[in-house]
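Let's start with one chain on its own, the form predicted on its own, as structure tokens.
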């Protein structure tokens, strides 16, 4: 879906989320604790939310939300993000965006 690609390419870190999703919240807090402030896009507040969910699954996200994009590329959902974090691979991915987040 063009909207997803545009948001992901225009923002260093994007989390497609739902306001009622506890896993989405956990991923958001993780990124904030790591010193970045991603764009949080609440798809349940978008009239095209259902279409966005379907598009995220088609893009390869294991669940529709949270869907995390870093540098315009889909990283995945909660499992993928937590696996990257536990293996030490998440920090190098987000480091370029830490300074940018602190400037805002």
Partner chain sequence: MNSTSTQFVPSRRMGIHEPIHQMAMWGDFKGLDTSPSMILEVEAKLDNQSEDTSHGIVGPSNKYDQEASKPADKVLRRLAQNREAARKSRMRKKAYVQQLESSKLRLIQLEQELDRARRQGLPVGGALDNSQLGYSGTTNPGITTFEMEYGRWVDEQNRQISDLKNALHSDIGDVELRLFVDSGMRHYFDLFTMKATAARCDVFYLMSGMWKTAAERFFFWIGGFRPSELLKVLLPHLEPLSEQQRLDLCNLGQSCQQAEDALSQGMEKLHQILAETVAARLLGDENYYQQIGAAIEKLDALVRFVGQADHLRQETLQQISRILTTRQAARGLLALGTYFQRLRDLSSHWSTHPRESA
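Since we're looking at a predicted model, the values are computed, not measured. Numbering follows the first chain given and starts at 1.
Beyond the structure shown, there is the form predicted in complex with its partner chain, which is absent from this document and is the topic of what follows.
By the criterion of a heavy atom within 4.5 Å, residue 48 is excluded from the residues contacting its partner chain in the model of the complex.
In the model of the complex, its partner chain sits beyond 4.5 Å of every heavy atom of residue 93. In the model of the complex, its partner chain sits within 4.5 Å of a heavy atom of residue 65. Among heavy atoms of residue 57, none comes within 4.5 Å of its partner chain in the model of the complex. Along 56-83, residues 63, 65, 66, 77, 78, 79, 82, 83 each place a heavy atom within 4.5 Å of its partner chain in the model of the complex.
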